[in-house]
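Just the one chain here, laid out as structure tokens, in the form predicted alone.
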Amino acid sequence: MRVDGFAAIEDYAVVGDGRTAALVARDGSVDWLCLPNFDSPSVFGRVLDAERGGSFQLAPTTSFESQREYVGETNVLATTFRTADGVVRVTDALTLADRSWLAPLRELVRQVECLSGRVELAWSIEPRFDYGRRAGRISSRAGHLVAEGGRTALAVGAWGGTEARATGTGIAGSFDLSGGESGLLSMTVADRDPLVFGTRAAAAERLQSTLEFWRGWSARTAYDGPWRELVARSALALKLLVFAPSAAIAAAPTTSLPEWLGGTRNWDYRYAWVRDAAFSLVALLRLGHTDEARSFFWWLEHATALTLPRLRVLYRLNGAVETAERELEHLSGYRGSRPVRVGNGASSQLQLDVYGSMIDALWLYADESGDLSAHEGKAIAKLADWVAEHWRCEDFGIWEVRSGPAHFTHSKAMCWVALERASKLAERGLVPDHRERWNGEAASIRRFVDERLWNGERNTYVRAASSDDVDASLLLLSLFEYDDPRGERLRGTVAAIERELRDGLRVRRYLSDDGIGEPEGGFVACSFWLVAALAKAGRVDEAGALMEELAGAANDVGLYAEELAPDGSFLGNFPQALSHLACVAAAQALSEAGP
């Protein structure tokens, strides 16, 4: 199940509490957890260094097979271990505190239930604070063992025939359970806050209330079209990535999971990208989660306020702009894929498409809510004015290339989207009316695209003015209605993408050099964008067939990473918000296309 101590990326599931998330492997090991927040240093980082990363392991002591699922439409994970002597189920959750309780800052609960026979399990907590730089100092307080590292402390509660014991740098114990017996582990967290020592009853009640919260939230997902189960799981994955204190949505809860084994495309995705944020706003609105959409809109408005009319590519989850990129040289990387990076240098790039994504989302938000404040309307007009002035600039594009800027077709088309949507808002009196300028510049964008970014001989839009290659981001021209999805130009473009970038269900982003010069997997979001483009083009049967293949490419609990390797294994950060956003968009496109 492991290679050199590493589990396959697809062998992970994720649990979260709206502030951080933990990756749980099939063998019961929690191999990734940052505390107290998504973008904090890791305490368990085995996924990036099998020896120095740290983990929370829990598994039978003899050979076993495991099967897992989320408990209904929740983000609570149940793993069933089968041994020669019996069957045991482990239920994992990062709990959501009931406000009436004195609750810990963060809590990981692991409930163990023997379903039949007799099973012995061993557990061990080996925290490695600050991305594996320091082991924990173990002490005893109020009958609990506590691991401390810097400003963070972990208290371990163990009940049901087990006792926690110090092991030097960690805490360990075992269960010996017969059918009907159960035990429970609770790891509570403090970060410059009082450390709460819980009871078994309180931890069990928080686990139950967490289940109830997720069930109630899922019941409000307003989607009854095809692929309901896949859409519901994608919605839950997106909700899990919402940083509750600010309503920002992390692109992924992980950093540096490689886009190719042994390669250097290892990026930190624990931030909120404006583009993904806009896609998320649209998805949440269309799925009926208007509270999250309004909160997210509030974050988007305030996070960008200090930089308007210039937008940063990405922001920290608390709205800050500092995301300096650095390498953690002491970590070996996932299966030797180095460097391990924290921070993201793309934050300072110019990516023109984010303006179109954002104004399109705000246009939809206004259409759904029926209103924008005068302040919000002025901010949108400033964004559109900025686009009107700067759309002729070269940029780094949606894929954040490090080969230098270019005139990317997708970027120019999204600038047109920005101006077209702003004009619609002005027509409704929701933003200051600069339509004469916006419409004039939108027409100029059209001429630029027609003259420099359309290849008549190949019958396709091209990636950039400096290239004759195609790019999978061109599929978004259909989704954002830059051109007629059934028209000759987009039909030719989709055909070229299928011919040159598609390999079965996998779709590559591009063929051109991006300044890195290494292979990568098929980009999951691009495959789902192809589904949507095919559906909008009237090729519904082909879209449905590809959707069927992609549904089978999810892991056993319905999650997607960023990319797929040729053998179907996962690559890149996990779970990936953009993959699940594209999944929702594909399902909705199929639903709208009809039978």
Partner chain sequence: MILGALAGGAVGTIVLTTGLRLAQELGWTRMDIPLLLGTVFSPSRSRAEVIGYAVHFVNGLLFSLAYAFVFAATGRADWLLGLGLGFVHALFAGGGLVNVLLPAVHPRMGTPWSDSQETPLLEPPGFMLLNYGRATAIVTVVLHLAYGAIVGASAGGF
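Everything numeric here is computed off the predicted structure, so don't read it as measured data. Numbering follows the first chain given and starts at 1.
Same protein, other form: the form predicted in complex with its partner chain, not shown, and the subject of what follows.
Partner contact region in the model of the complex: 318 to 326, out of 170 to 178, 318 to 326, 442 to 450, 114 to 122, criterion any non-hydrogen atom within 4.5 Å of its partner chain.
Within 4.5 Å of its partner chain in the model of the complex, a heavy atom is found for not a single one of 347, 352 and 407. A residue is said to contact a partner when one of its heavy atoms sits within 4.5 Å of a partner heavy atom; residue 291 meets this definition for its partner chain in the model of the complex.
Looking at residue 131, you'd find every heavy atom of it more than 4.5 angstroms from its partner chain in the model of the complex. The shortest heavy atom separation between residue 295 and its partner chain in the model of the complex is within 4.5 Å. Although the partner is absent here, residue 373 sits close enough that one of its heavy atoms falls within 4.5 Å of its partner chain in the model of the complex. Distance criterion of 4.5 Å from any heavy atom to its partner chain in the model of the complex singles out 106 from the list 463, 421, 106, 509.
Listed residues 393, 222, 495, 306 were compared with its partner chain in the model of the complex; 306 is the one with a heavy atom within 4.5 Å. Residues 17, 18, 19 are the members of 5 to 30 with a non-hydrogen atom no more than 4.5 angstroms from its partner chain in the model of the complex.
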